[in-house]
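Presented below, as structure tokens, is a lone chain in the form predicted on its own.
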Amino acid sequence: MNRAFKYGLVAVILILLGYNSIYIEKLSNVKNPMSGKFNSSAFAEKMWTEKLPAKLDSAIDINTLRALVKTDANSAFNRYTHALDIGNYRYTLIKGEGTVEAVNEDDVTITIKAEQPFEAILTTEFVYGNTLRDASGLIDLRDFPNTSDLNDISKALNEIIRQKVVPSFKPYLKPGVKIDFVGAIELNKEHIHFKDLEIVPARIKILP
């Protein structure tokens, strides 16, 4: 075998190996593989069925949170609330018991059971915003460079509340009915108040 033939054979082998080992993909797809393909409804449904139940089970009692905020607000916010953005608004999952005062067209007024009972609102019609998404603590901002995808997750979760959760309890409520609730709330660190708190209902159980 002459030298020229040997060099030629080696070159052909190297070309074949190189061709089969290189995979070319658009840079945009590498940076954001979900771009243009993200299914917010499927993501929210999976989050709702697989990860949120455990989070709802671990929600802090509303009266415990209220007492902690009064004694050490910074510690309470750092330990029990979440937010994707830097700012005064924080979100958390809470649980408690209440008595229905009024069933309104767009919400339900309840009195929360406590040493000093206070009123709150279960939102049933106008469920908007990022309260449930952020209160869950399940979303990492770094996983979603596309803001639109983040907003779509909130919309899909809110749609689950409107379409599945609210119809499961609202028709059975009337003044005097006692309920056990788990939901998401928004708190402003600079203007903390629990009176007329708006709760996004995630799990409602009618008590006997």
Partner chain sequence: MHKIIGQTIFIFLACLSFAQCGHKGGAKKEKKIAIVVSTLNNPWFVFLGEQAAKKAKALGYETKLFDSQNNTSTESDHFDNIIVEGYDAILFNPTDADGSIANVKKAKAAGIPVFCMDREINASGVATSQILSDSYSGAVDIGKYFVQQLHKKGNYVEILGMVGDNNTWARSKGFHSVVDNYPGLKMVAQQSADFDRNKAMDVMESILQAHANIDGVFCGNDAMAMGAYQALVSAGKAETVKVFGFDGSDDVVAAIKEGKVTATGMQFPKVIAETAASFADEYIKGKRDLPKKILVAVELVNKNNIGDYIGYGKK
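Being a predicted model, the structure only gives us computed values, none of them experimental. Numbering follows the first chain given and starts at 1.
The discussion below concerns the form predicted together with its partner chain, not included here.
Among heavy atoms of E115, none comes within 4.5 Å of its partner chain in the predicted bound form. Put simply, G96 is far from its partner chain in the predicted bound form: not one heavy atom of it is within 4.5 Å. Taking the partner from the other structure, its partner chain in the predicted bound form has no heavy atom within 4.5 Å of any heavy atom of K195. Proximity of S41 to its partner chain in the predicted bound form: non-hydrogen atoms within 4.5 Å are absent; the residue sits far from the partner. With the partner left out here, its partner chain still marks one of 146-154, 172-180, 44-52, 57-65 in the predicted bound form; by a 4.5 Å heavy atom cut-off that stretch is 146-154. Residues of 54-78 that come within 4.5 Å of its partner chain in the predicted bound form, judged by any heavy atom, do not exist; none qualify.
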